[in-house]
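Given as structure tokens, the chain that follows is alone and in the form predicted alone.
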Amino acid sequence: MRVKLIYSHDVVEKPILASIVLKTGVPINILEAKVNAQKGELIVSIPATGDKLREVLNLFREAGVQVQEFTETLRIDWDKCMACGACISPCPTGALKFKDDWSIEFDDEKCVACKVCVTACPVRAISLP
């Protein structure tokens, strides 16, 4: 599962993520990070389900980190999309690619919601929920 972690000024300098990895044994992968002295926002992939996932998310919340779960990372209006491919080359993770029939394929598991494709789309067929 991918989630956005928002660290407030009060907790931004604490090694919360590392502590949770050590405590739970879940290897959390950082997909995107914007951190400064005032706050931090991380998009992470947590390879866990069920009780283990709930444990990880609760530990973040208990440590003062706001957790936003991604249920959907990207919306593509397939009626607007003209499969021009403008979204493919700027995608940093390869979440968007051409299929054999030159239509666009989207891999939700690879998407980090960086919004590069949203900006690149000339017909505004892509948006973030």
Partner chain sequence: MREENKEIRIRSIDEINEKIKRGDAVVLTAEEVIKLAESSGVEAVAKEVDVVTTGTFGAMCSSGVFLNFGHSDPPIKMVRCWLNDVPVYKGLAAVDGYLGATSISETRGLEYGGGHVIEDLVSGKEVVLRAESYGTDCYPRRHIETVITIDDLNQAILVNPRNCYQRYEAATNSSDRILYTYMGTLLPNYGNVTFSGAGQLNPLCKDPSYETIGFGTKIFLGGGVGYIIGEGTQHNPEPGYGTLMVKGDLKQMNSRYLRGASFYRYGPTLYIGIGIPIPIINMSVAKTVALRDEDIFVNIRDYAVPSRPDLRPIIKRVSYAELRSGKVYLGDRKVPSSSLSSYKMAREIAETLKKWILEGMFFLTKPIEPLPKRGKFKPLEIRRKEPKVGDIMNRHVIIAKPNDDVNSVAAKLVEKGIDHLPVVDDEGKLIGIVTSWDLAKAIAYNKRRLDEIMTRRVITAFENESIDVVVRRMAQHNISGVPVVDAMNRVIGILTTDDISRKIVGGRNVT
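Values in this document were obtained by computation on a predicted structure and should not be read as measured data. Residue numbers count along the first chain shown, from 1. Rigid core: the largest C-alpha set superposing within 1.5 Å between the two forms.
Quick note: we don't show the form predicted together with its partner chain, though the next part is all about it.
Shown here without its partner, the chain carries N58, E69 and P129, none of which come within 4.5 Å of its partner chain in the predicted bound form through any heavy atom. Although the partner is absent here, I88 lies within 4.5 Å of its partner chain in the predicted bound form, judged by heavy atoms. Proximity of V116 to its partner chain in the predicted bound form falls within the 4.5 Å heavy atom cutoff. Among residues of the shown chain, K80 is one whose heavy atoms approach its partner chain to within 4.5 Å in the predicted bound form. By the criterion of a heavy atom within 4.5 Å, S103 is counted among the residues contacting its partner chain in the predicted bound form. Just one listed stretch, out of 26-34, 61-69, 95-103, 40-48, contacts its partner chain in the predicted bound form at the 4.5 Å heavy atom level, and that stretch is 95-103. Of all the residues from 108-127, those having a non-hydrogen atom no more than 4.5 Å from its partner chain in the predicted bound form are V116, T119, A120, C121, P122, V123, R124. Annotation for E105: C-alpha shift of 2 angstroms or more between the shown form and the other one, rigid core superposed. Once both forms are fitted on their rigid core, the CA atom of S19 lies less than 2 Å apart between the shown form and the other one. The rigid-core alignment places the CA of K115 2 Å or more apart between the shown form and the other one. In contrast to the form presented, in the predicted bound form the C-alpha positions of P47 and C117 draw closer by 3 Å or more. Relative to what is shown, K34 and P90 are farther apart in the predicted bound form; their C-alpha atoms differ in spacing by at least 3 Å.
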